[in-house]
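Shown next are two forms of a single protein chain, provided one at a time as structure tokens under the names structure 1 and structure 2.
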Structure 1
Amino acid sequence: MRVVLRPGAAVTAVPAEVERLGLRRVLVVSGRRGAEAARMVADALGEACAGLHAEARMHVPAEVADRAVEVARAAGADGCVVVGGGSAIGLGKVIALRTGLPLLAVPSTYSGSEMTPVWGLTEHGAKRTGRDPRVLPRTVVYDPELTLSLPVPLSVTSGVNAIAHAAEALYAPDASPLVSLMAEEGVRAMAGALPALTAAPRDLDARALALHGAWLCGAALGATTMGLHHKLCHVLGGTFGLPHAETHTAVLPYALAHNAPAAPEAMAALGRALGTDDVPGALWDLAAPRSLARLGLAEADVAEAARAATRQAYPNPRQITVAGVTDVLRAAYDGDRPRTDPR
């Protein structure tokens, strides 16, 4: 896939990339809050834009996907340009999956979804996910200017969401030397960018560095199989309705503290990237600490979430047990400074 990263690229590069793919009538898709940015992209496309559909919602509800597919077909679209965070990109992916239309992505958060062939769809209250090469964008256009409006707290949690992809890619069963290099560099970039953009949210260099990190972390996610941390966040988001990026931020230090004794090489890489011997502690320091309790999880739900996260097998460096997972969730629920499990 092609990647363009430069300030202003949403307006200056998208039309050229659409043309390069030979497309003449693309549907621009976004969420409601992202409609203004999407309108800018649509205007820049001029005649090559077949319409703007600003109806994306979190977790891609089936009826939202059905409607978007209908709109794409009715407009006679020959491609789809999605502008927004992971939720909007998720809708673009399902349009691509159902219609076979080529997808271009213009990400406005650091979720990394644009770099993966993974799609998700929520039907009857349950989110199904799958892998299909058709949903991988042909071109990704990263524009730091588009992320200037991302509030600092959301920038930080979204950045830690990206770091979580890289962290689990480093100890994935299908890790490889090249992907591990991308993951380590992605964490280094993101960990450098987050304090810089917190101090100066409109600093384009810091915003560009964060997108560079999101790109590498997302690519590492797309190439590997995730473990305990992502499983926990999937359960907490899907079954208990907790917010995506904030939940990743609240869980990651404790999931890594738990897995650390069984994943020394991954922890060494993360330590190099973060410049620390105490990876869970450094991640806890990086993001304003938030506990699962503050995100709205009820104490009684810790046990149910632990059972849900152990029901199906998935790869993880440390064996998955109900007791172990309960300890991780309990610690994330309290939100105190993590201690690496000495086992």
Structure 2
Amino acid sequence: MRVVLRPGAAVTAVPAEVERLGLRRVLVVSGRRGAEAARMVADALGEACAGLHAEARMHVPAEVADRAVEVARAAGADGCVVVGGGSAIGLGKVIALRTGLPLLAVPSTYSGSEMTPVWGLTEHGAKRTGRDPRVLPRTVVYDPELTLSLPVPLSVTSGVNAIAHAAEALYAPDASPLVSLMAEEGVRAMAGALPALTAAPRDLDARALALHGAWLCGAALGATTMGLHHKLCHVLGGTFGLPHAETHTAVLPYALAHNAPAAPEAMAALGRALGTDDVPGALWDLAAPRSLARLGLAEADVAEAARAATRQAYPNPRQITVAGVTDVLRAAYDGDRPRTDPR
């Protein structure tokens, strides 16, 4: 994978990368929120742009994916350029998965999805995920100027989403020393960038540092296996329609408090990166929302979500039980400051 990171790269680097890959007709894909930036990229591509499809939606509903694949085929596209956040990149990945078209990503948030071979699709009220090397972008173009319009609250939740990737990579069963170094440095970069861009939202250095952190956090997740935190967020998003980055932000402190006794080395690495002895508390302090109730989850849905998150086995440093997952969700629903479970 090739990575370009510099101000203005969305306009200057994307056409050059498309040409480098030998592509002649690329479909530009985005969501409605990112349509203006996507139009800018499409204009820079000139005749190499086969069209702009701005219909990405959160959690990649199956009908949205079907429509996008139809559009790509009808346009005679030989590649796809995705501009936007995780929703747009997720749609681009499904297009690549189903058509084999090469993908270029121009992220406008800090989710880090562009660095992983993980795809997701929501169908019949459930989100399923998979891994396939075909969905990895051939080139990722990071442009800090493109993130200047990202509101500070969404910047922060998007950044915590990236931190969640690194956190689970640190205690994944297939972690390695190199991946752990990337994960720790990614958290350190993101934790330094978020307060800086909150204080000065148009600070390009802070925005670039956040993209650097997103790159490292996403790459760490892409090389490892997801655990309890990501499983919970997929259930809460795919089944209950909760917003992606905000859900990661609300759940992460409690998932880490739950796993902490079984993952001391991972927690030590996170503590070094965050400069704290209380990782769950520091993350709770870093960002809002702090409650699944505020995101719209009904109290009656906690038990159903816990059952859904325990139906299939998946790796996690602490044994997965319905009671334990219910405790995590209950704490995240209430939103009180997390306490590490000593058991």
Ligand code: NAD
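Only the largest set of C-alpha atoms that superpose within 1.5 Å between the two forms is called the rigid core. Model, not experiment: these values are computed from the prediction. Structure 1's sequence is the ruler for residue numbers, which start at 1.
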| query | Out of structure 1 and structure 2, where do we see the form predicted in complex with the ligand? | reply | 1
| query | Any CA movement of 2 Å or more for Arg73 between the two structures, core superposed? | reply | yes
| field | Large Cα move at Pro315 between the two structures, threshold 2 Å, rigid core | value | no
| said: Is Pro61 displaced by at least 2 Å at its C-alpha between the two structures when the rigid core is overlaid? | reply: yes
